[in-house]
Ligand code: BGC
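Shown here is one chain on its own, the form predicted alone, set out as structure tokens.
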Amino acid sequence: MTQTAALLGMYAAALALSFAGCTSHTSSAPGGKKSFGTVDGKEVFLYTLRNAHGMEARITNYGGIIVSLIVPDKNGKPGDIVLGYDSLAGYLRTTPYFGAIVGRYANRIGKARFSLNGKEYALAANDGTNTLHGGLKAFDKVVWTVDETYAPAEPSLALTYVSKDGEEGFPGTLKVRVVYTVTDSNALRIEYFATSDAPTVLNLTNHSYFNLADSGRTAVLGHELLLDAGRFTPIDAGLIPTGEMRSVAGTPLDFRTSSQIGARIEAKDEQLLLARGYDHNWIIDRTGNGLVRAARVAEPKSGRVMEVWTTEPGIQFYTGNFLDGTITGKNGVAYQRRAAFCLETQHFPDSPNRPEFPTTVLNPGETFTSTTVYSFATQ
């Protein structure tokens, strides 16, 4: 079976799931769980999902954080490819969303407000005058409930969270379910489901920081990136989209042909100067719905290759511009600027204030579904 066929099969399986749950049967998922600490009097656990080919994900139900993601290199040697902390304490301090589920609204909402059905909603301004990644205490900072009844054939973890009406200023009581799966084909599949009892806006993603070479010890500028995207949404000085959907042709944001991340990152380009590097939303080339490839990253020394497939219309490519060496992560590594990259599948930033963008409104009676797959290979 080709990789494309396998991924489309994954998507078909994802659509067969309902928000309410899945049929339980005997699990063949190796791994387990161990205590990871407590938050607000609630015990937090670290769950291990492992396949038979050396791929392993460790995920905590605090923020749904991917604490580690182990994949083999071209010599078969396993290595951790995501940034993070050795203990829960690190995640409880100020953290740039390492590995977390981000919501209710991933990315930025301009001026920390939006209008829906004639009513204006004020949000927390936690990024200058804007709202970033859901507000002050968003999905990355809460303890999710683990669905212990969920037992599919592959190693999986199902997390649920109920966000109450008015939480961080957003309307409607929102019920969210996120399912992580480590597949037999060396992929991490993330499935999102949500319903609301009142009209609301929603944008969910995972905020893992990747370094396919050495777990963040060196910069990712030599990684080779391809983005299946011919347009992007330009930003203003506050990193808020202007509303334009601009061609990447002739700009440093053109990754339609694979090139090193660092090849043009220092170009005297207005967009790169505003973001201090890459921190933009690309519009994925797609026709119709379903899983499509959005990105491919290759790291020459390790031979690791990561592809990103998604049902979302956009992807945020971020080059760790605000890492500055003050964060000490796993194994005592001080994360320097551009020690990692993020590829966050999403709807577009500030969509609630941009009617020209794909809608992020979720109405009662509807079920939000989204799937993203990070697949791994070597070359």
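One rule holds for the numbers: they count along the sequence shown, beginning at 1. Quantities reported herein were computed from a predicted structural model and do not represent experimental measurements.
Not on display, but discussed next: the form predicted together with the ligand.
The candidate site formed by Tyr121, Arg354 and Thr360 is entirely out of contact with the ligand in the predicted bound form, as no residue has a non-hydrogen atom within 4.5 angstroms of it. For the options Tyr97, Phe114, Phe193, Tyr161, the one in contact with the ligand in the predicted bound form, meaning a heavy atom within 4.5 Å, is Tyr97. Proximity to the ligand in the predicted bound form, defined as a heavy atom within 4.5 Å, singles out one entry of Leu132, Leu202, Ala229, Val178, which is Leu132. Considering the ligand in the predicted bound form, the lone stretch of 203-211, 253-261, 290-298, 178-186 in range is 203-211 [heavy atom distance within 4.5 Å].
By the criterion of a heavy atom within 4.5 Å, Asp140 is excluded from the residues contacting the ligand in the predicted bound form. The closest non-hydrogen atom of Ser68 lies beyond 4.5 Å of the ligand in the predicted bound form. Using a 4.5 angstroms threshold between heavy atoms, Glu312 stays clear of the ligand in the predicted bound form. Contact annotation: Arg304 falls outside 4.5 Å of the ligand in the predicted bound form, judged by heavy atom distances. Contacts between stretch 236-254 and the ligand, counted in the predicted bound form as any heavy atom lying within 4.5 Å, involve Leu239 alone.
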